[in-house]
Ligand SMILES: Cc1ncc(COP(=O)(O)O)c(C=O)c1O
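As a starting point, one isolated chain is supplied in structure tokens, in the form predicted alone.
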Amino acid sequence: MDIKKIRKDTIGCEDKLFFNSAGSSLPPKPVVEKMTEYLQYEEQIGGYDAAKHRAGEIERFYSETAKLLNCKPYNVAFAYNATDAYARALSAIPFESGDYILTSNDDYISNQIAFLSLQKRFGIKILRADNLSNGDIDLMQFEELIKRHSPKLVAVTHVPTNSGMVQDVEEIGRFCKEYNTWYLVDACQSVGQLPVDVEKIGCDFLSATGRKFLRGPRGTGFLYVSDAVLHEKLEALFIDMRGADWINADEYKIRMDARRYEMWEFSYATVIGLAEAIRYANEIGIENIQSYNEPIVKLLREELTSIKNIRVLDKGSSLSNIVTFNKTDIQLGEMKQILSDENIYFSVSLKENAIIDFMKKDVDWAIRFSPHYFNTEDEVRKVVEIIRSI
């Protein structure tokens, strides 16, 4: 990896300590240039003709995403964000009253709310697998819950937003295949920092966003849709003329590819921007990104752990670029102000964002740092020394 070139492409990293790629990362310069150029083209000839003339660039989104995920372009649908992609997948599952959803204690807040909404409206039952003492999902119990309850859907977040853990989505995928259960993976926080291979995971749906570790524009995301889903003709609850043809007054015919999960209207400037962000990551190589990040994040965790009154909250046998911690002798407001005054960019996780996890950890808030491959060890040491001095 050419870190000098990467930092040169990352204009916003020079004048600040940016540790918030799990929130919304810094797009590389080529992403901004592609989007700006496309918008200027729209300015000249209008959106319809711009999209028609740049169809090849738009199609690149599907081929680059397929390369990223180890699937085919026809398995990929564009979405406005990860929650949008997730909701479309969730709406395609043919639930009936009394069906079970099996998930984890650490699934994303919006996913948990969606499950509760299904429970409230349709009588769906929610099961959550326990965690082991080290934070991992109890896989033995997980398999037992599948065997006992035959859930209509298994839904797991690969990397929870409130914790640095990496959940074992591949082993869970083997359970789902063995017991013939639909499987939805939220890869919002893993795509862009870790290899995500849908063939190895064995999922039926996988949702992700563009703005986080992929370093794409906000308002972008995608949904992976498996061949099994396409073959079974599962479709989102609400589809439009993008996803289906209206063939007579009372009948429509769905598309045979994943684009049945898209809506007709979206910003092609953002599609091209996301395509460029994924191309940029693919060119560097996700494995190279992961290898570069690992020692930086390891250093950050170890140094934070060594500071008095700092409690690093991440649990799990496998950890990611998300580092969460709490300072026990200071109020959240004061902590935020100090970090902001030092020009450190970060996120805050609150108890209401992760009720089950934070109740177990007995905390009301956590600072979340999420460095990425444009960061350096020197930056990590600067941030640690600032925290040490508080």
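Keep in mind that what you see is a predicted model, and the values were worked out from it rather than measured. Numbering starts at 1 and follows the sequence shown.
Beyond what is shown, the protein has a form predicted in complex with the named molecule; the following relates to that form.
Trainee: Among 75, 103, 161, 167, which has any heavy atom within 4.5 Å of the named molecule in the model of the complex?
Mentor: Selected option: 161.
Trainee: Only one of 268, 142, 182, 108 has a non-hydrogen atom within 4.5 angstroms of the named molecule in the model of the complex; which is it?
Mentor: Going through each option in turn, the one that passes is 108.
Trainee: If contact means any heavy atom within 4.5 Å, which of 94-102, 293-301, 270-278, 182-190 contacts the named molecule in the model of the complex?
Mentor: Residues of 182-190 come within 4.5 Å of the partner.
Trainee: Using a 4.5 angstroms cut-off on non-hydrogen atoms, would residue 258 count as touching the named molecule in the model of the complex?
Mentor: Flag for residue 258 set to no.
Trainee: Examine residue 83 and determine whether its closest non-hydrogen atom to the named molecule in the model of the complex is within 4.5 angstroms.
Mentor: Heavy-atom contact with the named molecule at 4.5 Å: present for residue 83.
Trainee: Although the named molecule is absent from this view, report whether residue 157 comes within 4.5 Å of it in the model of the complex, heavy atoms only.
Mentor: Looking in the model of the complex, residue contacts with the named molecule include residue 157, since a heavy atom lies within 4.5 Å.
Trainee: Taking the shortest heavy atom distance, is residue 211 within 4.5 Å of the named molecule in the model of the complex?
Mentor: Although the named molecule is absent here, residue 211 would touch it in the model of the complex, with heavy atoms inside 4.5 Å.
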